[in-house]
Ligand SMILES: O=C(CO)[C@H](O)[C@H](O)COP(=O)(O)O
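A single chain comes next, written as structure tokens; it is the form predicted on its own.
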């Protein structure tokens, strides 16, 4: 007997096929109901019931069930760069869906599909202006649809996901998304709705301090877009209340936080070029063991500059140790300063443990491979790369456990 999940909808939209091994032709855009359908393995006894607009997916292929990763951060905080580092760890370039909307926000590789949660805006740019809300405000987002579609993809069911067009500010027609091995949902609100949060197998928050965020925005918007300093300040201040209310609190739910702060190596520095970056790792997360420096659980301060690591002023300093974060036990690895030569990173890598590499020097190899990415000379690139490797390890552990479960059940 196989127990399947049936989703029904009142807004049909045709799909061609389902990747589920036990499925009917599917039709859905938004989901309103969930039922269970029971199939019996005998040919004489089979029970099924569904409407003309339905999707059926079986739980038989548990080993193939999609793993969902959530990445939260404010706009302009490095989500896109992190996604490129993450997909690179799994191999293959992530590209927009072939033959689809050229303004699609989705990126697809052999293993991963990255969905931008801006696609679940319920109000377009004009609608937000009319209602007097920002994109950060939950009222401008459709969390019901977000939850139903992430749940469907996790269960192996294709969805027709809406597209928010960042060029026009309009909501474009939907695109067909098939369940990948790994689904990454990135954006402002992946951990805001508790229903979506409960679907995540692992979650990350990119926490950029106000000082660094301001410095980055000045560098980008003044140099590249010709904005005035006054307009940049006004834009940041206009978003800040909603960011503080709806985005920032999500970091308490994250399994890992990458926190970017001004350097402490240069007194009074406010340029945001030299950074202090902290990797905050929650203890007790299944399939995830925190990285440590030298001796697990100890409190370590390490200045590695010398003949083995070239580093100009102001140098590099690492710290590691246990801490508390929103009442959770965490381990914190911190790097302040920047590398002069990435090929020497192997010296630092050799002193780190639990980094989930498959061979000696893999972190260094990944960093050199993407040396032109923002943050490649400091802790942002280093810790993003390490978290990407940890997610690969988490994925492999989950797949191995699921594959072993049917074999174990058969022996009982």
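Positions refer to the first chain, counted from 1. All values reported here derive from a predicted model rather than from experimental measurement.
One more form of this protein should be noted, the form predicted in complex with this ligand, which is absent from this view; the next part is about it.
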Taking the partner as it appears in the model of the complex, which of 281-289, 107-115, 159-167, 145-153 has residues with heavy atoms within 4.5 Å of this ligand?
159-167
Quick one: of 240, 178, 233, 128, which gets a non-hydrogen atom within 4.5 angstroms of this ligand in the model of the complex?
128
From the list 319, 310, 252, 75, which entry has a heavy atom within 4.5 Å of this ligand in the model of the complex?
75
State yes or no: in the model of the complex, is some non-hydrogen atom of residue 121 no more than 4.5 angstroms from a non-hydrogen atom of this ligand?
yes
Is there any non-hydrogen atom of residue 188 lying within 4.5 Å of this ligand in the model of the complex?
yes
I'd like to know if residue 222 sits close to this ligand in the model of the complex, meaning any non-hydrogen atom pair within 4.5 angstroms.
no
Any of the heavy atoms of residue 300 lying within 4.5 Å of this ligand in the model of the complex?
no
